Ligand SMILES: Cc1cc2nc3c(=O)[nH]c(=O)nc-3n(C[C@H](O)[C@H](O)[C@H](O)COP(=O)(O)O)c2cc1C
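Only one chain is shown below, in structure tokens, and it's the form predicted on its own.
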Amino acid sequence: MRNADAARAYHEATKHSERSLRSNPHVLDFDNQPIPFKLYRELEPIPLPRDFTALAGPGLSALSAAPYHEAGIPSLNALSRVLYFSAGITKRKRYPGGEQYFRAYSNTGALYHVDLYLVCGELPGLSAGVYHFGPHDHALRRLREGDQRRVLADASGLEGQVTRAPAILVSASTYWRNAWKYQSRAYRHCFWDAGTLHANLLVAAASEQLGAHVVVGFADRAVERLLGLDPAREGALTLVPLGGAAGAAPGAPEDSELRLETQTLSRSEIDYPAIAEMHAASSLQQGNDARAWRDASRERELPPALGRLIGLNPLGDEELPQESLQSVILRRGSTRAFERTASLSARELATVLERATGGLAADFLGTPDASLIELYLIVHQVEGIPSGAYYYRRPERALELLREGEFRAVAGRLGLFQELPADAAVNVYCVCELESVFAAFGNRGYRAAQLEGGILGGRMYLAAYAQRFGATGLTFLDDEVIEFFSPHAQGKDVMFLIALGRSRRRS
């Protein structure tokens, strides 16, 4: 059995409970709030094309696109669109004394601590090199010259798509930009927020006919050294190869230590040691370790249904809303209030669940249809489905009734005593049997489980907005959620919560 003591300890220490919330003296120091961007002081911007009109096809169709297929060399226009619709600034809100920027994906606290880097060979219009994507001006900045893809290929243990890709996106978190509000729990948010970002990234890449594949297994320090990350303050999260048919990357040039000055984030930074400790404990040392980690298997049989099954009938392809993916992403937000008396239809909910769970190409899943995540629901107001607690059975496309009843007050409490989960039409909890993940993948399995929960949450956001209703991601009382769904959920843990419903119109 692989060691997972650090992940167990971190998960337990960062659980929310009513007692932990009431005893936490933390207050937000807005005078010390970090800036939401990584800004290089001395690097010149390389502006990206601003043609954002070519994302093909309806948004819901893109969500069900083939999870991976190899393609040719991505154009600069295609890369620009993938970066923009993954992590670009789509909205701005002005207020007395400043301006707030909102990105294409949902992020805890709108703090946007996840950055994207591009490592590529020679591309049309772009020289081989290592680049940082700056959302604030939609531009790249070159950190290193030359083709460095072999560093990532070796770090991944020569993972097939990484080895053949002409371009690879790397995601990384600057911890303080989220820990300012969420303290030690921010390491969970690294993968929640990377997950919602990757939901957009994968669907945008599919619309550009670019293969995209999420890689969590890699030698961390080699990747972080390549990007010039400070291991005390930053951590690499994923590799995402784009395109294919590039052939093996050449041997990498000699890489020196990067020492690039960036703008100070805030007046002072508070260190939460549990974050860097958890990242170090779940790190891999060499490419061979990454290969062995990927080879782990996790077989889990679906238990027989004991409760009543309610079959779901999602919208067929010919019935799907035709709004473009571009429009859906630009319109997406996080709902601030739900209309309590407004229902969703059973087919709308069925479509969200089907599109969210439609297959994920990731190195920690043996097949695109595999998953570390199970879905539990509290239904308040869905036509044709009695109010109650449910388990979603993916193979049958059915809800298994665990307990019938009105649970709005319970849902509000479980969602940290907020009105949003109480007023929503339905709450969907991404839940994982962590012990079996730990047995297969050790400490690093914690990253994979949190990331997949975030990706499913991000897909539900897109599927809801594509159908013209609202969604919002929420945090939760960890153990109380499991207690509510037990005995069915006994021994499991919550990774993500999203509330769905009709948005309340502001007066």
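Here the structure is a predicted model, which is why all the values come from computation and not from measurement. Note that residue numbering begins at 1 and tracks the sequence as displayed.
Just so you know, the form predicted in complex with the ligand exists too; it's not on screen, but the next bit is about it.
J.: Can any non-hydrogen atom of Pro36 be found within 4.5 angstroms of the ligand in the predicted bound form?
T.: Pro36: no, not in contact with the ligand in the predicted bound form.
J.: Is Tyr461 part of the interface with the ligand in the predicted bound form - any heavy atom within 4.5 Å?
T.: Yes - in the predicted bound form, heavy atoms of Tyr461 and the ligand come within 4.5 Å of each other.
J.: In the predicted bound form, is there a heavy atom of the ligand that lies within 4.5 Å of any heavy atom of Ala212, even though the partner is absent here?
T.: Answer no; every heavy atom of Ala212 is more than 4.5 Å from the ligand in the predicted bound form.
J.: Would you classify Tyr272 as touching the ligand in the predicted bound form, given a 4.5 Å non-hydrogen atom cut-off?
T.: Residue-level check for Tyr272: no, no contact with the ligand.
J.: Which is the contacting stretch out of 333-341, 397-405, 361-369, 222-230, given heavy atoms within 4.5 Å of the ligand in the predicted bound form?
T.: Only one stretch passes the 4.5 Å heavy-atom test: 333-341.
J.: Looking at Thr262, Gln418, Thr357, Ser75, which has any heavy atom no more than 4.5 Å from the ligand in the predicted bound form?
T.: Here the answer is residue option Gln418.
J.: Looking at Tyr391, Tyr112, Trp293, Trp180, which is the one with a non-hydrogen atom within 4.5 Å of the ligand in the predicted bound form?
T.: Result of the distance check: Tyr112.
J.: Mind listing which residues of 181-212 have a heavy atom within 4.5 Å of the ligand in the predicted bound form?
T.: Trp192, Asp193, Thr196, in sequence order.
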